[in-house]
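First comes one chain, alone, set out as structure tokens in the form predicted alone.
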Amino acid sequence: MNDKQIQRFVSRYVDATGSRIVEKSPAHMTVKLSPAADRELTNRPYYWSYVDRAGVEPETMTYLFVTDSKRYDEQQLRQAEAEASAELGALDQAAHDALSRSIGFVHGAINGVRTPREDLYFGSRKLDQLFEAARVGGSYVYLFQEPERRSLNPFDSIAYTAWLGVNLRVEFACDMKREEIHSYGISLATGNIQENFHERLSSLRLTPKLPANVHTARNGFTLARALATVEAHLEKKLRGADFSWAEGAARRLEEELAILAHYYEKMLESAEDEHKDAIAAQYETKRQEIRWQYEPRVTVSAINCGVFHLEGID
């Protein structure tokens, strides 16, 4: 993930949380956090508990996010040199001496506001925190499609259908691991299921606000029933998958267990009675570890989901 991709991600996070970009360049971004973003990123539970108890207007923090530290530091050095040169050119030496004697030297960069700097790069602590905040905050959404056409008649109304969209991670695991992402959408009106639902959504303009002149169709499916239908559909699909990898893993498991048994059974035969219980416990622990490592398994987990109101009845 390069610096441009990181900056695009931060810009999207700023927009999504209602934060504000104060200053921006290709190498950095100064961001005034919204209350929601401040709660997520600054780790100030005592301050926010005080705000909640007292009902006062919160003062959120401002962060300097640097996405290209080398370029940003060079920019700052050039800016400081230019400011110093301009300051010395504007004041003659006599005026500068008089000012120093009267009130002392005052640095022009002191503004009384602390702006923490965070260098953002793939693997950095703050970027990981932003990823986690985006994951948690975006795990469920409720959106409406913006109409592609606007009727001139104010009494016309466009029918919308609510869809449950869910992205599922399927993990095939043994001593090796493979993952697949499945994106499903199911109409809450008709039960119609669409695969690759994310691709359909990516071509639409979505908004959290209900558009004008729109009405939603009555739902025939509850969220629980819709999710169960999607799970049954995915399970049926997975049953037809190639599981030769699992057969290979099962063979490797039996081989590892046989090697382990040969080693520990010999040890138990020659061990003294007072040591046999400890050796047997260790043997069982090793067996469980090998089973966890080699035993084939398929797990399904939800990454995120949402209810999307889309134009049409289907």
Partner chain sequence: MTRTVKEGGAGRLHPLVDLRMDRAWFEELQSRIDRNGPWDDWTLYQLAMEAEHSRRIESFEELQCVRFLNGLEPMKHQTDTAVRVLHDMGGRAILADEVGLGKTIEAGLILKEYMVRGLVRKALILVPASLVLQWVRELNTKFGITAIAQKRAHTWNYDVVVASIDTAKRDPHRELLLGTDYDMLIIDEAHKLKNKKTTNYQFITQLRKKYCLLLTATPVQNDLEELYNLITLLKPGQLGGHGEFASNFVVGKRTPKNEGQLQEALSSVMIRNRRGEGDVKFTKRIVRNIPLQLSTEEMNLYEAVTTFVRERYEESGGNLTSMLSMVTLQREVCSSRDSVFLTLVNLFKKTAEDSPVRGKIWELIEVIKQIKSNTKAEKAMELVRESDGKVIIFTEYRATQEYLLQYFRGSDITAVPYRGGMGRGKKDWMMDLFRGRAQVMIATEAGGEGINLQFCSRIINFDLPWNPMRVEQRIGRVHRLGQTEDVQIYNLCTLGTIEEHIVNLLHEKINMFESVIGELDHILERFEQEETMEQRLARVLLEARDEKDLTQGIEHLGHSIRKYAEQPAETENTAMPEEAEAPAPRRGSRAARRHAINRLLDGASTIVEVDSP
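Note that the coordinates shown come from a computational prediction; the quantities given were computed from them, not determined experimentally. Positions refer to the first chain, counted from 1.
What comes next is about the form predicted together with its partner chain, which is not displayed.
- Within 4.5 Å of any heavy atom of its partner chain in the model of the complex lies no heavy atom of residue 162.
- The closest non-hydrogen atom of residue 275 lies beyond 4.5 Å of its partner chain in the model of the complex.
- With a 4.5 Å cutoff on heavy atoms, residue 139 counts as touching its partner chain in the model of the complex.
- Under a 4.5 angstroms non-hydrogen atom cutoff, its partner chain in the model of the complex lacks residue 39 among its neighbouring residues.
- Between its partner chain and the residues 78, 125, 117, 215, the one pair within 4.5 Å by heavy atoms in the model of the complex involves 125.
- Counting a residue when any of its non-hydrogen atoms is within 4.5 Å of its partner chain in the model of the complex, the hits in 280-314 run 282, 285, 286, 289, 292, 293, 294, 296, 297, 298, 299, 300, 301, 302, 303, 304, 305, 306, 307, 308.
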